[in-house]
Each structure stands twice: as structure tokens, then as C-alpha cells.
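Given next, in C-alpha cells, is a single chain: the form predicted alone.
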């Protein structure tokens, strides 16, 4: 995967969601990091042809310059942030239908639906109604739907949204598996830094529709420091003697420290 955006602006009425954005996403697992409202989802939707930019150029290196939205969506799997399930369908019905909508023949869509539901851990729940799924299961069935047509590139928009700690770990492990074992290129959109650090090689950081930082994670986090204010009781205990390598503490007196 190599995706390039040049001078892209996306506007919703008077609101500028993405402001003159120029950025590239290379192969591998890339984090698209930023607070809610930073413009991350708008970038993904524009690349999929679901939102029309006001101006700018977008290009997938492996697709022709005049690729249609249909061609792009056949090449890319998209897991949206919000629930996007068919409540009256079973997990198998939903994933198989989306496989057919992606251009797969019926039997191939059925076969792929079984395969990807097994991959995400829903093989035993595939014939249950999606409306009866837990939050974690609904996230997994959305991931299965994004994978059913075997895309080379995955756009995952807040894939750990609403999950408990165990669900987050399972989802992050699935994403790692897709990247490292199955060779998928991934754009992982989230506001959670720890998730990006868990599964991504590099990150693009957005704020108010602009890129404010980008590069390998090691480079972005190199030299980063965090300060914590602590109170030690009893105050006669010295915290400085307990510090690990790479930590520094300044005594503020009366058992208080800035670490």
C-alpha cells in the first residue's frame, strides 16, 4: 500500500474538517492518531469516495489515477467507527451479503464468510442474530465484513471503541495478526495512543484537520517525558532511592515529589 493525499480540504457547510492536508501512508501498519473531531474519519471516508473533498488530490499507488470509488472499495476493507450491522441478519448472513456486494459470487461469498468469521473468533456465533451480539462481537463482525472480499488494505476506524479491557486485547491481537501474519496494510484510526503503540510501526498525528506530527513510532516518542506529582507517606521515606533508570525526581518538600 502507498496512499498519497495532497492539499486535500474537506468541508461540511461552514465546518472545515480537513484543512489543506498533505500526507502519505506507506505499507505496514500505520496509526492515524488524534482526538475526536481531529478529522481522521473524514480522511478515511474521502479516500473511500464516501465524502467529496472540496479540493486536493488523492491517489492509491497500486490503482489507476482515475480509479472509481467502486474500484477503491474492492481494494480496501473498511471498518466504520459506528455500528453498521443488519439487525435482522445473522452474522453469517451479514458478512456473506457484504461479500456479494463487493463482487464475490454467491458460493465464494459464503465460503469467505465462514473463513473470516472463524478468523475473528465468531465461528460458534455465526448463526445468531447480530442484534443479539455483545459490543465486542459487533466489533468483530464489522472486522469480518471488512475482510470478506480479501482486500490488501484495511481502514479501521476506532476498532476498540466501546470494548472492555479483554475485548480491546482481543481486537488488538487480531489487528497484529492481520498485519504481521497475513500481510495486510492497515490504517488504524484511533484517539488512544496505547493502541497505536501496540500494533503500529508508524503514526500520523492529526489535530484540527491538520497533520502535526508523523513518522516511525520510535522517532515520535524519542525523548518524550511525562511528569507526575506524587505524595509519599510517611514523608521520611525517600522516593529518590526507589527510582528506576530513566526516571528523575525533584523533591518539593514535605514528602511531595515531581517525577
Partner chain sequence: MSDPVVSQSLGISNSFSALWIAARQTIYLLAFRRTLWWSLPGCAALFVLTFVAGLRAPDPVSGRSVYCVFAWWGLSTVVVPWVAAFLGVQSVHGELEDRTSQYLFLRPVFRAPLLLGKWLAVSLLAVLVTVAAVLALFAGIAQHLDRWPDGVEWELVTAFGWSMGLGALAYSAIAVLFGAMFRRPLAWSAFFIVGVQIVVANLPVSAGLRQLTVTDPLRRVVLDWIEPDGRLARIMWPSETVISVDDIGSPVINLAIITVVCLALACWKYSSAEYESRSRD
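Bear in mind that the values here come from a model prediction, so they are computed numbers and not experimental data. Residue numbers count along the first chain shown, from 1.
What follows is about the form predicted together with its partner chain, which we do not show.
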| query | finding |
| --- | --- |
| One stretch from 22 to 30, 194 to 202, 65 to 73, 212 to 220 that, in the model of the complex, holds residues within 4.5 Å of its partner chain by heavy atom | 65 to 73 |
| Sole residue of 116, 163, 174, 153 within 4.5 Å of its partner chain in the model of the complex, by heavy atom | 116 |
| Contact of residue 169 with its partner chain in the model of the complex (heavy atom, 4.5 Å) | no |
| Touches its partner chain in the model of the complex: residue 149 (any heavy atom, 4.5 Å) | yes |
| Contact of residue 80 with its partner chain in the model of the complex (heavy atom, 4.5 Å) | yes |
| Residue 57, heavy atom within 4.5 angstroms of its partner chain in the model of the complex | no |
| Members of 19 to 58 lying within 4.5 angstroms of its partner chain, judged by heavy atom, in the model of the complex | 36, 37, 38, 39, 40, 41, 42, 45, 50 |
